[in-house]
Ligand SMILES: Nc1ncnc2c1ncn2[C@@H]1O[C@H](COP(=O)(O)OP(=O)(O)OP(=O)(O)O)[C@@H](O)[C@H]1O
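The chain below stands alone and is given as structure tokens, in the form predicted alone.
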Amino acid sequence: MADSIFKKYLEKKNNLIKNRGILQATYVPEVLLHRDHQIGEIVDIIAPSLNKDKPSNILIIGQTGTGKTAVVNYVGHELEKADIESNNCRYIYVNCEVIDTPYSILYNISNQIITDPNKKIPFTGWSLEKIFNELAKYIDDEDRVFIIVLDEIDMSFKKNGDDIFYYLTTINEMLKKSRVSIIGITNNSTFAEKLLSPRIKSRLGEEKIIFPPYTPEQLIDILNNRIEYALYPDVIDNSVIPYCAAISAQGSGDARKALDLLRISADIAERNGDSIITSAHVDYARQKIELDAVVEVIKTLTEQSKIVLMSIIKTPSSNETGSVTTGDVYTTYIELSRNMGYNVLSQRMVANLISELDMLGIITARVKSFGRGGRTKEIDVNKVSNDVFFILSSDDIFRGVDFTFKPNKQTTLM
């Protein structure tokens, strides 16, 4: 162990964090604070499954970090405990953000049900109809009520449409003994009304349950409950919990964000060898989280969007405000694209990509009118973080690119 690069870590005593797992957003505590009403609603709806009666389908709606997944999994585990003797129902959970194709969803559900390894559904190779028919057969053989949870249900819809929901909401028509109820979970409040077809909407959203954002006071309760078991006594300043709660409540009452802030703050303090977690650690953790979010957004951009963003950064401002116009950026974009060997998009398409970057919050753009002379967008270059450039410049498409070119200035208005 003397030569291990982790020797210092292994020999170091944790003076702040007693149980790091409790500060993870995925941890489900024994008591879920401030969600009694929603727990009660779900229990009332699915309780008939204990007597082998089919419950209504449920659509659960709420913003990120409002406890939807934690509550549903908590209720599911309690259902399994209550049913341990009668064996009348079964709880199945699928995360549609990770398992996002119709085949993989049916495959995952099937192989949670099929226990014989020789009869498992293959990972690929079957038609949807075949795997669906096989799933229906195994479900019916069980002679039980199945509660199937589709978390992040809108993610699958965005990629594949509503075919999977049609399969699962019509499966009961094929069953003689068993029954299936669906619990869909989504962050999108307009998912059912605007995205689902009428044939699916009436089947899937039989009952809706709304999860409101947590208030600052509720977030304080949640964090205090976690630190009781996660941290050693007297290692956190009194200002930290209210500060984490206030930051998270400013956005959408996101308990996940509050927990991430607290966990990363504690990690930073412990790595620094500090004896107390303070609001200064929270500030540093907040910067780190926001930077990580920017990294993830930039990673998902198309190559052309990355080139447009780099063009914005590399366009020199010609005024005191530090802003650049769409026309200025397009001139830089032409030179950069040619320098990199990429096809040049039209000015209108580049303007659309600039609008998308604005919507993502990476840049700040505002429309400026010139009356009859037309209008353009002014982009505040000063508000584009230096971190954005360093993240972007490390991307493979910019490897070896010469940024010393000087764009030929020309007046171009949108």
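Quick caveat, the model's predicted, so the values are computed rather than measured. Each residue number is its position in the shown sequence, starting from 1.
Just so you know, the form predicted in complex with the named molecule exists too; it's not on screen, but the next bit is about it.
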Report task. Would you mind picking out the stretch of 296 to 304, 68 to 76, 160 to 168, 271 to 279 that comes within 4.5 angstroms of the named molecule in the model of the complex, counting non-hydrogen atoms? Result -> 68 to 76
Query raised in the report: Is A25 close enough to touch the named molecule in the model of the complex, meaning at least one heavy atom pair within 4.5 Å?
Result: yes
Query raised in the report: Is there a heavy atom of E152 no more than 4.5 Å from a heavy atom of the named molecule in the model of the complex?
Result: yes
Report task. Flag Y333 as yes or no: does it have a non-hydrogen atom within 4.5 angstroms of any non-hydrogen atom of the named molecule in the model of the complex? Result -> no
Query - Contact flag, V367 vs the named molecule in the model of the complex, heavy atom cut 4.5 Å - result: no
Query raised in the report: Thinking of I109, L135 and L175 as one candidate spot, does the named molecule come within 4.5 Å of a heavy atom in every one of them in the model of the complex?
Result: no
**Report entry** Candidate from R256, K288, R338, K208 lying within 4.5 Å of the named molecule in the model of the complex - any heavy atom
**Finding:** R256
Requested in this report: Would you kindly say which of L204, I222, A230, I148 lies with a heavy atom within 4.5 Å of the named molecule in the model of the complex?
Outcome: I222
Report task. Would you mind checking 211 to 230 for residues with a heavy atom within 4.5 Å of the named molecule in the model of the complex? Result -> Y214, I222, R226
